[in-house]
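What follows is one chain in structure tokens, specifically the form predicted alone.
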């Protein structure tokens, strides 16, 4: 029963953070949305920060799972990096919580939200770094700094998907893949 109650609280809190943002969400709102007393929430989470952290850990795990699902062992390293990155960024765009968090970070600069955005980016970078390191070990790509390479890959991808769209028509997925290959992957090729 307690797992169900905890899950109920997590779902209500996710809904509240998605609708109102981190700053405007209160434990009272979460209690009301989850149909439990405020005291019940405190049996599972000591404060809003701890509740938020649990939701973010779950979100990061979901994001990694979505990227892993996109990986196809029969495809090249390049194709899999493209598929994984695209899935991660698509995940960020389609999930109401991440959309609200990025909006709150941009508009209010809430410190807790800025920290979470950093955690999300670190999770993505570590995921990419692991994939690059593995590709180097397997002799699929040339020797390089995996951390720096992951950073460049992510920033180029973000630029092609988000930054470009601020003043231009969105690029098709295939065009992004072609540009990514042209600017990043050819330099890593053996």
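Numbering follows the first chain given and starts at 1. Bear in mind that the values here come from a model prediction, so they are computed numbers and not experimental data. Take the two forms, find the largest set of C-alpha atoms that superpose within 1.5 Å, and that set is the rigid core.
Just so it is clear, the following notes concern the form predicted together with another copy of the chain, a form of the same protein that is not shown.
*Asks:* Using a 4.5 Å heavy atom cut-off, state whether residue 61 contacts another copy of the chain in the model of the complex.
*Replies:* Result no; residue 61 lies far from another copy of the chain in the model of the complex.
*Asks:* Can you work out whether residue 159 and another copy of the chain are in contact in the model of the complex, taking contact to mean some heavy atom pair no more than 4.5 Å apart?
*Replies:* It does: once another copy of the chain is placed as it appears in the model of the complex, residue 159 has a heavy atom within 4.5 Å of it.
*Asks:* With the partner left out here, check for me: in the model of the complex, does some heavy atom of residue 179 sit within 4.5 Å of another copy of the chain?
*Replies:* Close contact exists here: in the model of the complex, residue 179 approaches another copy of the chain to within 4.5 Å, heavy atoms only.
*Asks:* Is residue 139 near another copy of the chain? Define near as a heavy atom within 4.5 Å, in the model of the complex.
*Replies:* Looking in the model of the complex, residue contacts with another copy of the chain include residue 139, since a heavy atom lies within 4.5 Å.
*Asks:* Find the only residue in 27, 152, 55, 33 having a heavy atom within 4.5 Å of another copy of the chain in the model of the complex.
*Replies:* Contact with another copy of the chain in the model of the complex is made by 152 alone.
*Asks:* Of the listed stretches (62 to 70, 159 to 167, 34 to 42, 47 to 55), which one has a non-hydrogen atom within 4.5 Å of another copy of the chain in the model of the complex?
*Replies:* Careful reading of the contacts points to 159 to 167.
*Asks:* Rigid core superposed, CA of residue 168 - does it shift 2 Å or more between this form and the one not shown?
*Replies:* Yes; residue 168 is a residue whose C-alpha shifts (by 2 Å or more) between this form and the one not shown when the cores are overlaid.
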